[in-house]
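Form predicted alone, single chain, as structure tokens, below.
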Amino acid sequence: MRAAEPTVESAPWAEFVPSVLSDHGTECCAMARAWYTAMDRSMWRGEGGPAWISRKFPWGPSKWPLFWCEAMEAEELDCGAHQALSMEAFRARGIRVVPVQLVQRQEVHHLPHWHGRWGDASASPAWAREGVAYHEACATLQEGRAEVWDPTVGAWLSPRHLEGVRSIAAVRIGGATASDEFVDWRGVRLRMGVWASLEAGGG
């Protein structure tokens, strides 16, 4: 397995930046953040990722910009909001964490359903294309190693998931700013801030 040059699969979302929740700077968002922090602290058992987030806020359309007070009142949140909340949870635990952007392979027949659902909620369906979808996650970093947490499914991801639904076609760890730092994600060496396509059969 190896990291290869970016392919056209990453191109539609190449300029996207990781989602960040907005803050009104007033009591509404302060109370929402305080509630979230207390909730996460009560749910954490000392290890693992914050899987409770997607159970409390199932995956669905979000309209952006999204404020903290709105997110905590939402019945559903998209993967960008899940990512932002998971980042907050890991930081509160003293863990270095960065955003992760993915392009995942999907079933073609999902596209009309997703466009209809997001359209009905007046949310942008730009993340979904025929057979592929843009997705957001986050990565914990320690001593040059990365572990990628998918907050929408509540599980750690593997770069060896290269075939089938939700398999990974491309990944960018660390947001849109390229750096000289490299991380090892379960045997795949990636430069922070740079899109890379993952291909089966590499070394």
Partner chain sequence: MAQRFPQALTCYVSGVHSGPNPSPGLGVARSLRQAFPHARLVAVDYSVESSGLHSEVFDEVWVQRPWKEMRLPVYQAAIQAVLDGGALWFPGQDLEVEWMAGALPDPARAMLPGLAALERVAKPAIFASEGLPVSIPEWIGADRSDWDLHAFCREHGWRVWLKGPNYEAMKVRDWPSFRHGRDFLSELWGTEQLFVQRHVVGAEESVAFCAYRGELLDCVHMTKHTQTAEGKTWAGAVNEVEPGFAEALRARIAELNWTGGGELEYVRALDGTLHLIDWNPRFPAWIHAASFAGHNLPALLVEAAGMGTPQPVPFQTNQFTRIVLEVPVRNTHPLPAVRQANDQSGVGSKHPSGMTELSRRLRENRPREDEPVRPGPVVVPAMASDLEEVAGNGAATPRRMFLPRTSRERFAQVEAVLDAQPGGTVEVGFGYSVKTNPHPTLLALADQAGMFAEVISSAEMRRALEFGFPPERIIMNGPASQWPDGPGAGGPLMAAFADSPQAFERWMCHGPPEARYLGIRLRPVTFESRFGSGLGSVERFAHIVKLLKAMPAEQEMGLHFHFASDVLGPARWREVFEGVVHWAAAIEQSVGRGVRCLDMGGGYFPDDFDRELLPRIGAMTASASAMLPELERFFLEPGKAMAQPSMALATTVLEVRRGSDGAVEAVVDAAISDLPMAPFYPHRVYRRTRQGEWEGVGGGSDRLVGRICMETDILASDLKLPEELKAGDRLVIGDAGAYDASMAYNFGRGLLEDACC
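Residue numbers count along the first chain shown, from 1. Model, not experiment: these values are computed from the prediction.
If you look for the form predicted in complex with the partner chain, you will not find it shown, but the lines that follow are about it.
Of the heavy atoms in Leu66, none are within 4.5 Å of the partner chain in the predicted bound form.
Contact check for Ala155: no non-hydrogen atom falls within 4.5 Å of the partner chain in the predicted bound form. Although the partner is absent here, Glu73 sits close enough that one of its heavy atoms falls within 4.5 Å of the partner chain in the predicted bound form.
Put simply, Leu162 is far from the partner chain in the predicted bound form: not one heavy atom of it is within 4.5 Å.
With the partner omitted here, the stretch from 173 to 181, 58 to 66, 130 to 138, 35 to 43 that lies within 4.5 Å of the partner chain by heavy atoms in the predicted bound form is 35 to 43. Annotated contacts: Ala84, Glu88 and Glu107 are all free of the partner chain in the predicted bound form [non-hydrogen atom within 4.5 angstroms].
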